[in-house]
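Subsequent text provides structure tokens for two forms of one protein chain, presented individually as structure 1 and structure 2.
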Structure 1
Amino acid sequence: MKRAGPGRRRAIVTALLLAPSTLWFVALLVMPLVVVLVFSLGERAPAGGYQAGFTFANYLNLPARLTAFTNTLTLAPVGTLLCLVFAYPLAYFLAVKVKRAKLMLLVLVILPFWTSFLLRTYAWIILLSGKGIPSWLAVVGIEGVRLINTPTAVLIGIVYGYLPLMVFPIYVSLERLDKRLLEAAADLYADPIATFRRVTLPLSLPGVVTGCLLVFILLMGEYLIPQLLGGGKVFFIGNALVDLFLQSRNWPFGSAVAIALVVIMIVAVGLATRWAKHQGATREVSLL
């Protein structure tokens, strides 16, 4: 370190720079989560809401919402995988194949985010309802297709909503590759699939992992898409939370479910990051 003077001044400046965000984190992240933790150990007031208490009953009662957890932990990875499968070719196309207007095509991918998410989902309700796609299919001869209010509709909604989020990290990863590397690999391996498997995919792994983490994290908390496109018949953890806080108003139990969700997510993300690093996907894996 340098002399005491400038060193200490630097420290003060650093502390000052960090002051606003510290305030924010403490007041709006730590404190609310602590309150949730406290609530999760409390009891349900007779008319709903929270009543002070100290009990682990809410955590022991978590299996009552097991279906919500299993639904989410099944559909979220499936949705993430589907997003990946649909997003990767597009990202590859944009990063490797497109020569001109790259920026514009990229912006076109993210532009849908600038329309109201709710309205886009509502448009899907129309498209998937009886008078939408099923009626077009009936014209072609495929009768009796039910799309709306099914897990399929929810998956369609998920892929639609999260596709751009998956495309971007993969694009960034592929974009930085030296294209000559890919050309050389193509010369070495006669089979394009081998090129992809041995060269392209491993090199783009950081982007793939980032994208998957991003989508998976957001999916774990999702409740609007299941509610709107699943017609109330698809029950995610998010739906359970809304129900517990706004319908049955069992706040202590709801708080326990919320804490459980956060813990699961931290564990899942930690494991995924560890695995990715193990695969040699370099330090760019983390979100930070």
Structure 2
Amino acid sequence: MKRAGPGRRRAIVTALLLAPSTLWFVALLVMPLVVVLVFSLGERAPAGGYQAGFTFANYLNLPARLTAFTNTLTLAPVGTLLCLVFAYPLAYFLAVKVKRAKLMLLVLVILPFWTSFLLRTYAWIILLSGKGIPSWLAVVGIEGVRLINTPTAVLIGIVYGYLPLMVFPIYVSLERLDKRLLEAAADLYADPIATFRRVTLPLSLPGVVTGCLLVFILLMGEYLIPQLLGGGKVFFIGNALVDLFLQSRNWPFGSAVAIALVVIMIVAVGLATRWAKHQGATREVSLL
């Protein structure tokens, strides 16, 4: 009996090491998606829930939830962009400008996560209601401002809730930036704008891509912020799923909406990854 060669033994060892994580991946990700896909092709039972069948009617009925898709595909990218706009200067300041107390400032960025996300979002209801920011604006002569239950309120909640998730990937990229490159750019008489455009931004692009993907993917399934700050008037796909599964009990249609959401996210992430690869920003960025 021939003994297995070194290459075959390495392959067997690799397969054995990967087996637990592969089984975990299949059991907790692939199989639930298969179940949802099967449900999406079924029919709603008379009393609600799932009834076996094979129909594409649920997918043909997706335009019935067009508002939820439109709101999500509009506010999720806008919210991601706003997080980037606010996070990049903060990450740059922490990585490049701060010399002392950097750890303390980083802890302050993380600090909101020490409190329940529900409580933090609920606090914004008070701040955005008539007795909050609008009343403060009325004192200085700006009256009639309405914030709560509007897309603006949802975007404010998104930026507040997801800003740290954008800050840290960008911070890691900027913190690893070779400062000698900035000095070289200055020696070549590059102004600050040119230095940022030609040196800082390209080298921090992996962190930007990582932060944008992280925030965007989470926002696509967001439920709490639109529910509390949108007041049921700004409906995301996550809100539509809760309604279909728990209230209407139309599991097949809810599964079709969920599958459509997964497809949209796969396409969006694929396009973003392809663009990042084209820009040379595929270097792995650690969040820690």
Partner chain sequence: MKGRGLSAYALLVYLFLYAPIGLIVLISFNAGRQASSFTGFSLQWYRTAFGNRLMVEALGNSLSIALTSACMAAVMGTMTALALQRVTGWRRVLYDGLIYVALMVPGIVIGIATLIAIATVRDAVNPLLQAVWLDAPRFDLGWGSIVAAHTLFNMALVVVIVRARLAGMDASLMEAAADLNATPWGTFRQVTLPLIAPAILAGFLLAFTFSFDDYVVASFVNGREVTLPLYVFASIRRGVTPEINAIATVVLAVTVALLVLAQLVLRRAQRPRLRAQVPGPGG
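For numbering, take structure 1's sequence and count from 1. All figures in this text were calculated on a predicted structure; none of them were measured in a lab. Here, rigid core means the biggest group of C-alpha atoms that superpose within 1.5 Å across both forms.
Original post:
Of structures 1 and 2, which one represents the form predicted alone?
Top reply: Looking at both copies of the chain, structure 2 is the one that matches the description.
**OP:** Looking at the change between the two structures, work out which of L73, V35, R100, L246 is at the hinge joining the two rigid parts.
**Re:** Between the two rigid parts, the hinge is at V35.
**OP:** May I ask you to give the angle in ° that the smaller rigid part rotates through, relative to the larger, between the two structures?
**Re:** After superposing the larger part, the smaller part appears rotated by 13 degrees.
Subject >> Displacement in Å of the C-alpha of Y189 between the two structures, rigid core kept as reference >> reply: The alpha-carbon displacement, core-superposed, is 4.0 Å.
Subject >> Core-referenced Cα shift (Å), W24, between the two structures >> reply: W24 C-alpha displacement between the two structures, core-aligned: 3.2 Å.
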